[in-house]
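For reference, the chain that follows is the form predicted on its own, supplied as structure tokens.
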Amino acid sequence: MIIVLEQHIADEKKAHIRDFLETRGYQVREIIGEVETVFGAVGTPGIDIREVELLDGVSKVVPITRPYKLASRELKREDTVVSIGPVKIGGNRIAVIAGPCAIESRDQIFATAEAVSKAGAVMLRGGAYKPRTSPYSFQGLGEEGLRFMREAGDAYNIPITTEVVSPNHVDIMTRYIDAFQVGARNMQNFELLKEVGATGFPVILKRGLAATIEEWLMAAEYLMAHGTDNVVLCERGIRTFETYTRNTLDLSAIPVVQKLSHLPIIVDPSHGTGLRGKVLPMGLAAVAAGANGLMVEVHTNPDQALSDGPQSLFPEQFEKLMRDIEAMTPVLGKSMEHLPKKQHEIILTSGKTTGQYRAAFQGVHGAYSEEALRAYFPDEFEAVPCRSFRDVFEAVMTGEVKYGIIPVENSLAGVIHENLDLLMRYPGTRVIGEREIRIIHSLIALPGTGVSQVKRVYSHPQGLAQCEAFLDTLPGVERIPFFDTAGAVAHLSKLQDFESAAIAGEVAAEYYHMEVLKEGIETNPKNYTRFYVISREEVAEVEAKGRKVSRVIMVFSTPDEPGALFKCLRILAENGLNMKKLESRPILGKPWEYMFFVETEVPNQQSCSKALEELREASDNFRVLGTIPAR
């Protein structure tokens, strides 16, 4: 059963409800969602649910009708995102796992690890123990293979997964791996599932050779009932009457599973087809169908592979697959999962910095974005310049920096739509804060330059437009667009041209040792830019705990029917949420279809939670992009 707890329930009441259920033989799992917190109680004892409904702190009780309880969408409405080391599988990210079918030698697994990690894989797969149809086939290197794989994973900073084939191997494997893989032949080996589940390790559970979807989910239930919440389902093809391919890859299982279960689902096109030439198209088809990732076999020399050579990709084929998936992600509204860069990990000890904090901004040093960054973060933060706004998002997603700062709106020029689109294209990021700064433009030149000498002025087109009235007082001066205001100042410092000037902020002049000829030259002094601070979603989740929220940023599409948008906006009004911004943005790859970007004030948490729940039901593709904390 599902026990929905009251908003802001006291810890003592929650403990009492848990104790009541556990003393009656139920296993209890607490699930904290975006909207509500629930207890999932599973077990065989009979109890009148009215007894539970009467407990202090219980909002309502909902029976679970599916035979699988913990894996059911009835228990948990939000998608589960499984953590395997630094890797997240689920939600709106696409994670790719790659490696050889079998670990053959230390050199082989190291070479493969280097190739797949360089191409963008976020996990390394490889078999140390191989269940083979023939007893005379290569059975794997056992613990020696595990050791080789662990060394390769550590060398390339990539988590590893391998198949467990016997309960006797479970303890040994926990010393080396980051996630278990349960193969198709063992999907209904229930004693093995119990042992693996009890470790609490993440598990990638492959669908059995001829298993129904319900049987597959019941196998996941065994794992979850015995201790692990982190289960990733893997569709790898089922056996049918067709013999041309090794198996029949059932891509229809993806949307079916996603409706029935909150668990993430990935696809193995290598075993699903058994043919190297079919892996790329079926892998792309799986991603298009909504899979949360792929598991692909890659070998540096497939023709000499000791296992599954005909279905293993060459490294260059795998690189092409990764490029093609990357090209698809904007249309799907997803982003590729990335491995954090180890050398830039941020370490906290007792709230004090033991490593250097880094935050990214677009432009060069001295840019207004860096000024906003300096205003938001403490002095010890390192400001990391990026060439483009997209590079800021990439730096955050790869872990090169912990935070990024992006401009979203200027009081005179309006919304910066590129960054709204990037927020939607990088669902692994979240807005966690904002900073507003006044934009004060200055005319800047080499020291000793007079205003009368200036014949050329460089700046961003927006900077030139915002200073038009001042520039009109300089007849004959050429206005030259530049990619960035601070970049224009940096350019001048290299030109050493006393007939050129730039329009930028005073900070840029100081940074490049230039001189401010005239300050405050903008036509309208009411010139402000608002910036969002972004981070990876797991960072945002930690920082959001216990924090009072003043605004919520969300995005959704609506059904193609009259009044659909009105119905959604009415939900905000009826719950007392004051909408501050509404923007429509075209959906890339879907002409004449739009996503609606909304920023709204939050009167209180209870009203906000109710509104979000109702919006999720009334709209399509609803997603919270972040929150702004109360000051």
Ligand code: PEP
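Note that residue numbering begins at 1 and tracks the sequence as displayed. Just so you know, these numbers come straight off a predicted model, no measurement behind them.
Just so you know, the form predicted in complex with the ligand exists too; it's not on screen, but the next bit is about it.
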Determine which one of 428 to 436, 278 to 286, 175 to 183, 468 to 476 lies within 4.5 Å of the ligand in the model of the complex, judging by heavy atom distances; exactly one does.
175 to 183
Is K76 one of the residues lying within 4.5 Å of the ligand in the model of the complex, judged by heavy atom distances?
no
At the 4.5 Å heavy atom threshold, is A488 in contact with the ligand in the model of the complex?
no
I'd like to know whether R536 contacts the ligand in the model of the complex, with contact meaning heavy atoms within 4.5 angstroms.
no
Flag A219 as yes or no: does it have a non-hydrogen atom within 4.5 angstroms of any non-hydrogen atom of the ligand in the model of the complex?
no
Note which of A359, C101, L492, A367 lies within 4.5 Å of the ligand in the model of the complex, where distance is taken over heavy atoms; exactly one does.
C101
Could you list the residues in 236 to 250 that come within 4.5 Å of the ligand in the model of the complex, counting only heavy atoms and keeping sequence order?
R236
